[in-house]
Ligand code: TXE
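Have a look below at one chain only, the form predicted alone, in structure tokens format.
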Amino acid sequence: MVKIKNFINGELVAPESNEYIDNYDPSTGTVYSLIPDSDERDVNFAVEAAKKAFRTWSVTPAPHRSKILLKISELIEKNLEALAKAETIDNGKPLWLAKSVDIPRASENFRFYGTGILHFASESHAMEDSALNYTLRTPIGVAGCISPWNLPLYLFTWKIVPAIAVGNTVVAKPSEITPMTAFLLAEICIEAGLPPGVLNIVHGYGHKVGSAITAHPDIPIISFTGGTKTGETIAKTTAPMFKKLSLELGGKNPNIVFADCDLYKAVRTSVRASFTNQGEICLCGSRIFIEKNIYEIFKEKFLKETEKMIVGDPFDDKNKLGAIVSKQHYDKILQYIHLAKEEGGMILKGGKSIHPEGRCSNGWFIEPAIIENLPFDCRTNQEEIFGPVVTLTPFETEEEVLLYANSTKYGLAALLFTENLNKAHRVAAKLQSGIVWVNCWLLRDLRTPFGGVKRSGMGREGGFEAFKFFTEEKNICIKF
């Protein structure tokens, strides 16, 4: 039984409590490793190490920081097979997905920001003959980074790397549900020569470790990805302390399919956007609105395409969906499917728990659920389910579908299928969403800003937006 350790001041250490949390393999429903049950003491040690490291790391030349980050990127690539296997066991996602998306993207995050820091520049503004203004961007100090369980290493690195690249040090908390790849990353950081204290990883529960990071007086900046309720708590804690805050929260994303779309492309992309990673991606399109005159044909083809989404052992490459990440989340998804029935929804396909033969017979698996006949403003269509559950709803006009699409408290991402360029621009501009994909989904350029509106969060990640977030601006005015 592997005992995961914290990573503090360059060393792998046990928690001060010497207590551990069971870590489950969701595909079998069994405990396979133990997670540190850390607390405020461990966070305090991590902060002290980060503060000490900041004195030298913050003035380390960018090319040297870049060299270390690129070395970590190379080591992630070298260990892709082992990291992907660890991610699959920990999260339940298909191994092919971890190998093709999660781990390569983690490596790319180090490469992107490791090279980006060499090109990060600030502005200057000449005031004709009187003065010159220029802006300095300096690292802030110790950054608190808290990441979610759905894309564990992918999103963990998405936070910590830009913070480190610009000269901050980090105290990070991965999800207690999926901690393994963050633990393995610590070993890689040691091998790559990352100086002690630059990155500190404290494992444990949110109400212990996450709260201690959020409330710590010596952590002036917090980046969090997770649920909206937790984001509310973090905002309440940090507001009186005037901390710099980035929140990437929930989503209930609309997928709008117009009659003038490329139907083949719209169906295939919509199925992928609905069920990839068991629907456990904040960017999934879980509310599909189809123009009325193609509703029946779209539904027929969507159902047929969904039949290819075989659910089962995540280590079998023929399976497109793996296990739900935890028993608690598994139960939540099934409760929402039951709610949909109570609200008058018709289950067109799936929605049942399944028990694959063999080693996964006790795992947490759910068939993709496709539901119709629900009003746009019912709970099933308004609340985030975060699982393999989608609803189909017909519409007649642009005004109607915009009402439906913008009706939720969320505004993270949206999908739009049409071959009419004017319509694409017109509708995309009116969608209350931080990201709109037209005739595609999850096509990501790391240079672009990423984030949501309304209760999907505040601030932007990605590209130089992340560098700006993790630095403090200072204007200097020199009079001629």
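We number the residues from 1 along the sequence you see. It should be emphasised that the depicted structure is a prediction, and the values quoted were computed from it without experimental measurement.
Same protein, other form: the form predicted together with this ligand, not shown, and the subject of what follows.
Shown alone here, residue 173 lies within 4.5 Å of this ligand in the model of the complex, counting heavy atoms only.
Among residues of the shown chain, residue 406 is not one whose heavy atoms approach this ligand to within 4.5 Å in the model of the complex. Although the partner is absent here, residue 384 sits close enough that one of its heavy atoms falls within 4.5 Å of this ligand in the model of the complex. Although the partner is absent here, residue 248 lies within 4.5 Å of this ligand in the model of the complex, judged by heavy atoms. Heavy atoms within 4.5 Å of this ligand in the model of the complex belong, among the stretches 145-153, 311-319, 259-267, 369-377, to residues of 145-153.
Taking the partner from elsewhere, every residue among 210, 225 and 282 has a non-hydrogen atom within 4.5 angstroms of this ligand in the model of the complex.
Proximity to this ligand in the model of the complex, defined as a heavy atom within 4.5 Å, holds among 335, 362, 135, 233 only for 233. Think of it this way: in the model of the complex, this ligand has a heavy atom of just one of 416, 69, 412, 50 within 4.5 Å, and the residue is 412.
Residue 450 is the only member of 428-457 with a non-hydrogen atom no more than 4.5 angstroms from this ligand in the model of the complex.
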